[in-house]
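Two forms of the same protein chain are encoded below as structure tokens; each is given separately, as structure 1 and structure 2.
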Structure 1
Amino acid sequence: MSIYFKNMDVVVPGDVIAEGDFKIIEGAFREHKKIIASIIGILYFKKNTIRVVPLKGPYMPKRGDHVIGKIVDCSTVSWSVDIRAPYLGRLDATDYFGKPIDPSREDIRKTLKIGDIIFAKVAVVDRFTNPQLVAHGPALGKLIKGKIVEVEPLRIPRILGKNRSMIKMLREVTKAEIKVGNNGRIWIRSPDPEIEKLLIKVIKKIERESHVPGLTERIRKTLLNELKDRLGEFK
């Protein structure tokens, strides 16, 4: 077993990462004994596993993902939803209302129009049909007002933070509503447009910032500082 790169090196498709009995988690393939990278990404070794975490690429929906989608088409019983993936999501009326509906009596277009934004969960993903979404249930459904920030889907874990610490802090300090989609869309809403603006700035900052120990704390300080003059009650 030999390894030709260091942990956290950038590899590109075709790079021979290692030779031997490694377990590939993602971003690589085996050609005889060789383990070869299939994507541009950062290389991670852990025990005898190899993983190349992509730096850029299409969002592929996974079962259980939360997504922020945009209604782009509508039939009598379902909507097509752009979820920034290679496939449009499909949302059946039943999975929005939580009960069967009669298309001859109800016009679902009145509920969700083209261009509307929803917060949904990916329910079914397979190779043969488009991902099936569900948008009824706690916290799911149509998003009214507020703003959407788009970031690289691969950077969503940074926005959430360890054990969702970053996102908890953002909510706590700004009192804004925030929903995070695994597809790289983040929705924010606050009665104060200045807070919305500030949050967009901060989210872009988190996306951009390099690895700094205690990013959450640093962002908290920035936020409090910016908010100091605006709202007296924050300390």
Structure 2
Amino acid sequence: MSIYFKNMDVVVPGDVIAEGDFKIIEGAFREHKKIIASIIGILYFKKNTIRVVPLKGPYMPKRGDHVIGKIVDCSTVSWSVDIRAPYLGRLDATDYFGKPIDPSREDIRKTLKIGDIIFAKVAVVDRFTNPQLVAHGPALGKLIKGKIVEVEPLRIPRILGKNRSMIKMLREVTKAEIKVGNNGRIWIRSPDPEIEKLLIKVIKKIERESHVPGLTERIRKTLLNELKDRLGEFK
């Protein structure tokens, strides 16, 4: 068996990735003994498996995903939420307040207005209804102030990092609040606007260079250098 690219190389349709009895997970096809890329993506191989993860693609909700959504409509008992998916999410008032409400007495539009941003969890996904969201619980709910960064949803695992190493490092170095949605939205908040600007810059860099080995340490050094130059906080 032979492999003609390194792990995490970018491949394009038609590239001969390997030859031999590899198991193809996604993003490639077999032609006789050759395994050929079918999409533009990042190559991952482990033991006898090959996967090409596309560089771009829409967000498709899955149960258990965390999403950052924008309120776009409201009824007496629920909100419609833009979650960057082909369809809107639905957030019932009971799943925001954590208890039943009486719509004849409570106007939920006073709590969440059109344009508000929320951090929610996908509770139900099926073919017949819009994804059902829950925004009641630890760390969930309305997001106040801060900045939103949008990236390709497929780059979110790299922004989180293995065992969440990347996102932990970003929080520790900048002391900023950061919430990451599987739908490719990232919310950041810091009392220092320069920190917010720096994080936006760094997050976009991670998105561009997600295939580069050793990225977490490189980003850490970049952050420390930037903070030293701009704020004089690090020696």
Partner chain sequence: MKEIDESKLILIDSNGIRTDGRRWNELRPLRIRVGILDRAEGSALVEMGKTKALATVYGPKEMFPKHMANPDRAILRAAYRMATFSVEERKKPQPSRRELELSKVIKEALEPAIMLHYYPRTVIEVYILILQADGGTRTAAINAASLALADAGIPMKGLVTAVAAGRVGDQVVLDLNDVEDKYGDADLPVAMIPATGEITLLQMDGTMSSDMFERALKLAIEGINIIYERQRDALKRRFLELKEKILGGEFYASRD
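Only the largest set of C-alpha atoms that superpose within 1.5 Å between the two forms is called the rigid core. These numbers were taken from a predicted model, which means no experiment stands behind them. Counting starts at 1 with the first residue of structure 1 and goes up one by one along its sequence.
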Index of the chain form predicted together with the partner chain, chosen from the pair: 1
Once everything's superposed on the core, is Ala176 shifted 2 Å or more at the Cα between structures 1 and 2? no
Does the C-alpha of Lys23 move 2 Å or more between structures 1 and 2 once the rigid core is lined up? yes
I'd like the rotation angle of the smaller rigid part against the larger, computed from C-alpha superpositions between structures 1 and 2, in whole degrees. 34
Aligning on the rigid core, one finds that Arg51 shifts at its CA between structures 1 and 2, in Å, by 4.9
